[in-house]
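Given next, in structure tokens, is a single chain: the form predicted alone.
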């Protein structure tokens, strides 16, 4: 079955994804050859956040339903893979009271990732059965509830997730080149979904649900597909996170990370894959500059005061300003190839 409206839609998705892939691959390759260890970690974290933002965009950008639970699915992906892949000797030290024999086995990295994707995808499917039947503030509240429930499990089931303590001993499986290839793959998946019949019908239903339903669009089914696909991408981001750092804890998978990645999507434009990429790049490197200013640096002989908490203020300001001045984000509904054609026409 052809899921594209036409060959033109397929070509547009392919070339758009290819252009974006060249952009993000160029950044990664430059850092691999010329960056220091700190830069490698920073850019790797940016790629992880890009995967999160793309997973968020697949559902939120096509349905126009705000999702605030995405960090929970990222955390599930990270923890499940970590529990499976961590060596038995280390798990017996870190998880001595783990139930169901979780500290008595270890799997290879690929099998662990597949199990993580399967279980997290199944949980996304189950929660999606509820989410897709809601809309507006009701759906958003349920996503917050999912985030809080999952985080509470992470914090209080210390026999499995270690609570406030770090889960350590995870083998380092990925490096920067690995996540570059994974990010390119996810960009193609997200872009193909956006330009498919399903993505077009979803965006139509988000603009006018009653008219789309009258035209025979199965809104609930398509929302469930988008929610589950987004959950799988979020699980993949968690796996990449765990497979590089080697240590994870529950703290990063909560509200601070939710608002960071949400700001990235809002800044670039949630209806566009290009917007997701641009927003991630701008926020990542912009926050590094803001954190530098927090330390009270001396610039051109002028000593600035310490401004602790400035990064949080800046992040909130970005969300407010964009929502007021340009609520469609910097690129709106446009994709990179459309922006390129539009720029050429204006020259």
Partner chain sequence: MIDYVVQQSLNALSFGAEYALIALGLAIVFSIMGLVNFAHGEVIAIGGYCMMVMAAIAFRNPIVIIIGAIFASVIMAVFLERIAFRPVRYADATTGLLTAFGVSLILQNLFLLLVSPRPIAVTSMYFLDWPIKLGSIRISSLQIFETVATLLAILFLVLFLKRSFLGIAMRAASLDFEMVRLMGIRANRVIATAFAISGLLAGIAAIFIIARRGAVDPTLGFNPVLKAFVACVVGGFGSLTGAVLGGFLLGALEVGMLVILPQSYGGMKDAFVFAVIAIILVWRPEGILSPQKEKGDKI
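Computed from a prediction, not measured in an experiment: that's the story for all the values here. Positions refer to the first chain, counted from 1.
Below: the form predicted together with the partner chain, not depicted.
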| query | finding |
| --- | --- |
| 4.5 Å heavy atom contact, residue 138 and the partner chain in the predicted complex | yes |
| Close approach of residue 302 to the partner chain in the predicted complex, 4.5 Å, heavy atom | no |
| Interface membership of residue 68, the partner chain in the predicted complex, 4.5 Å heavy atom rule | yes |
| Residue 324 within 4.5 Å of the partner chain in the predicted complex, heavy atoms | yes |
| Interface residue in the predicted complex among 115, 102, 142, 109, criterion: non-hydrogen atom within 4.5 angstroms of the partner chain | 142 |
| Option touching the partner chain, based on a heavy atom within 4.5 Å in the predicted complex, out of 130, 176, 119, 184 | 130 |
| Residues 134, 153 and 315 all lining the partner chain in the predicted complex, heavy atom within 4.5 Å | yes |
| Answer range among 272-280, 81-89, 225-233, 259-267 for contact with the partner chain, defined in the predicted complex as heavy atoms within 4.5 Å | 259-267 |
